[in-house]
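Quick heads-up: it's one chain on its own, the form predicted on its own, in structure tokens.
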Amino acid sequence: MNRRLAKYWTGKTVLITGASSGLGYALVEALAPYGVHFCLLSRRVEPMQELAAKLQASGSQFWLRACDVRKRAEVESAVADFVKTAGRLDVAWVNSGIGGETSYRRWDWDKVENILQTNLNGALYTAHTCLQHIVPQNQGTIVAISSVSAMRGLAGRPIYSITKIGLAYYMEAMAAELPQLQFTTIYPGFVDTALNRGNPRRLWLMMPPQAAQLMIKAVAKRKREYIYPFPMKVVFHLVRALPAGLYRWLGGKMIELSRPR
């Protein structure tokens, strides 16, 4: 067992949203060996129950609740009930998120509003509610899953970009306001989850267990920002450095290539 990981994670109380699948599910599997007291939230309870049953011999404890992060009252109730049970909250992992194309030509208000409500409103409801319990402790960690899509406004997926850029800026602002706490923003590249399986160009694709190990190590190292995998980190910084005119031209070319022929 990694000594740094054991020192940081052993015995922690950890809240994870979107724990029924994808990265959230993989994070639970990665952290379970460290004797974590989990608060697992998702709209779907059955997969979380199956996960807890599979990991029952790990030494971790599992507290589950059906929770739609788009509904602030549900988030507030779930977090309060968990803290009442566990006594404290050490780490809140803001993980829930959905994607989808929102280009002008395929605009769908239901899809747009669902992405905004889940990725941005839901993330803020989760982070702020958890902070209300963490700030009085004067210690604790908020981890937020942004995306490499936050590097610029992505043609074809402007709403997804908005939510991930907005979440990153929120984390930066909170880190400045509350320096006694740890804020870690993670920018994953392509991880093999339902979020991106419809994308035919998933560069440097990673599997969820590998991605989860990278993320829990980054948090244990108290990184403020973490972009993975490394080739995507290079692309992230290169794209951010492009002049606006050149980026707009490249973005237009990319959306042309993505259209069905």
Ligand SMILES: NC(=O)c1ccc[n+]([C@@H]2O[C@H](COP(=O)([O-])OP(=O)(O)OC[C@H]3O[C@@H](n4cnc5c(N)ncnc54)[C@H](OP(=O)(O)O)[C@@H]3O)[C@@H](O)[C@H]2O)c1
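Start at 1 with the first residue shown and count on from there. This one's a predicted model, so the numbers in the text were calculated from it and none came from an experiment.
From this point on, the text means the form predicted in complex with this ligand, which you will not see here.
Trainee: Does any heavy atom of residue 222 come within 4.5 Å of a heavy atom of this ligand in the model of the complex?
Mentor: Contact check for residue 222: no, nothing within 4.5 Å of this ligand in the model of the complex.
Trainee: Within 4.5 Å, heavy atoms only: does residue 184 come near this ligand in the model of the complex?
Mentor: No, residue 184 sits far enough from this ligand in the model of the complex that none of its heavy atoms falls within 4.5 Å.
Trainee: Is there a heavy atom of residue 19 no more than 4.5 Å from a heavy atom of this ligand in the model of the complex?
Mentor: Residue 19 belongs to the contact set for this ligand.
Trainee: Contact between residue 69 and this ligand in the model of the complex at 4.5 Å, heavy atoms?
Mentor: Taking the distances in the model of the complex, the answer for residue 69 is yes, it comes within 4.5 Å of this ligand.
Trainee: Tell me, please, which stretch of 230-238, 43-51, 28-36, 56-64 lies within 4.5 angstroms of this ligand in the model of the complex when heavy atoms are compared?
Mentor: Of the stretches listed, the one contacting the partner is 43-51.
Trainee: I need to confirm a contact call. Of 178, 98, 112, 155, which residue comes within 4.5 Å of this ligand in the model of the complex, counting heavy atoms only?
Mentor: The residue from 178, 98, 112, 155 that makes the contact is 98.
Trainee: Only one of 162, 145, 89, 78 has a non-hydrogen atom within 4.5 angstroms of this ligand in the model of the complex; which is it?
Mentor: Looking at 162, 145, 89, 78 one by one, just 145 meets the 4.5 Å heavy-atom criterion.
Trainee: Do any residues of 47-63 have a non-hydrogen atom within 4.5 angstroms of this ligand in the model of the complex? If so, which ones, in sequence order?
Mentor: Heavy-atom contacts to this ligand in the model of the complex: nothing from 47-63.
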